[in-house]
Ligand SMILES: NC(=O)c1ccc[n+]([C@@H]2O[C@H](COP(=O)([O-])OP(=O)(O)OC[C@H]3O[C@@H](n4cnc5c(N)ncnc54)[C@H](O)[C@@H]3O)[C@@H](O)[C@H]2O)c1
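Starting off, we have a lone chain in the form predicted alone, written out as structure tokens.
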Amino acid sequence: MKKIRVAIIGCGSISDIYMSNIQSGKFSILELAACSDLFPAAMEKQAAKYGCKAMTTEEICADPSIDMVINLTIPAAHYPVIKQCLEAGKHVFSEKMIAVELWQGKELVELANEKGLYLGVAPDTFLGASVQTAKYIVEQGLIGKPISCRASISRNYGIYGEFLPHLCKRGGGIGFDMGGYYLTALAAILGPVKAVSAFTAINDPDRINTRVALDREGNMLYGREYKLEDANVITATMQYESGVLGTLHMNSDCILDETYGLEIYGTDGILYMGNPNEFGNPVYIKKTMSDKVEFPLTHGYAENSRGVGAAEMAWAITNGRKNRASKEMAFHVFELMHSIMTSAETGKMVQLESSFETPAALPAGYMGDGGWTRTEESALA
């Protein structure tokens, strides 16, 4: 089997789980060749830690032995980095979302199509045990016909944003950051959204950093003034192409404790899904006049499996098929969040222009031990 050689661009905190999952052999199709970062110290540290080569983005793009780039940069860098790598002939798997501005996302999808290259976008948590089990439940008709859904997340970004400044910038607020997990999980099960109507607010946009710490450039964060550029309270109503009606609630100016809810209501039952920012939370079903019952997980990747989207795309490249964490679904979710913002600004319902083919479920039965169950190849086929 020919491995797909990958380079990681962006050596921030999220890079550890990607690099360790690849280097541990969790994804046998991937081989970690190099890493890169704007900060040489961060790049050299990760290269030494994970036994790969430290390279600039330009060197990665010029290296014919590197097949795929995994882009872990901040949202503002997604567009230029993805574009540079695609133009160099590299397949790209990027952290969410695909870009910041809608036109950037469109251009990247068109460029990948023009070049005949794969472009995959996180979150890949929908390939984990929880969402795949939920998809199995719906497709087996265990809750009947889905007719409505609800997604809710509350989290204090005032704390997170002080040491992750990109969360305060345009394209980095709770909608574009956490929204990707919830909307992608629903998209993977229910398909595309037809129209959306929304309200948003920026509560207390002018802030002062209270964290006594240094940023990556060595500057003191404490006392620094900053401004929230994206909505931190979002409510929306969605109409799916299938006829399912959904509600979305997001609040990043509440208490630190993260609270979440992700549910699908059917004619014969209710499905309670786990936190879509994680891979293996319990999944529950409630039937008429009964208590919620935990449903056994039907799929593997219940542990932190970030990078599984890149691995699944590598198998897609190898086998000449479409990848599940596709650019089309990613762009649709991206357009949906932009449409939520547009609806709130204009006071009008917004019809979405994009659509996508709902990804097939992963084959059930892979538990990750490679014993009597499916192999990685058959699980990600």
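One rule holds for the numbers: they count along the sequence shown, beginning at 1. Bear in mind that the values here come from a model prediction, so they are computed numbers and not experimental data.
Same protein, other form: the form predicted together with this ligand, not shown, and the subject of what follows.
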Handout entry: Residue among V138, V109, V81, A187 with a heavy atom within 4.5 Å of this ligand in the model of the complex
Key = V81
Fill in the blank from the handout: In this chain shown alone, the residue from T133, S252, S305, T73 with a heavy atom within 4.5 Å of this ligand in the model of the complex is T73
Exercise for the section: Would you mind picking out the stretch of 138-146, 91-99, 222-230, 109-117 that comes within 4.5 angstroms of this ligand in the model of the complex, counting non-hydrogen atoms? Expected result: 91-99
Handout entry: Heavy atom distance at most 4.5 Å to this ligand in the model of the complex, all of I14, D177 and Y181
Key = yes
Practice task
Considering only heavy atoms, tell me if L362 and this ligand come within 4.5 Å of each other in the model of the complex.
Solution key: no
Handout entry: Close approach of D37 to this ligand in the model of the complex, 4.5 Å, heavy atom
Key = yes
Exercise for the section: Look up in the model of the complex whether I22 has a non-hydrogen atom within 4.5 angstroms of this ligand, and give yes or no. Expected result: no
Exercise for the section: Indicate whether this ligand has at least one heavy atom within 4.5 Å of a heavy atom of A77 in the model of the complex. Expected result: yes
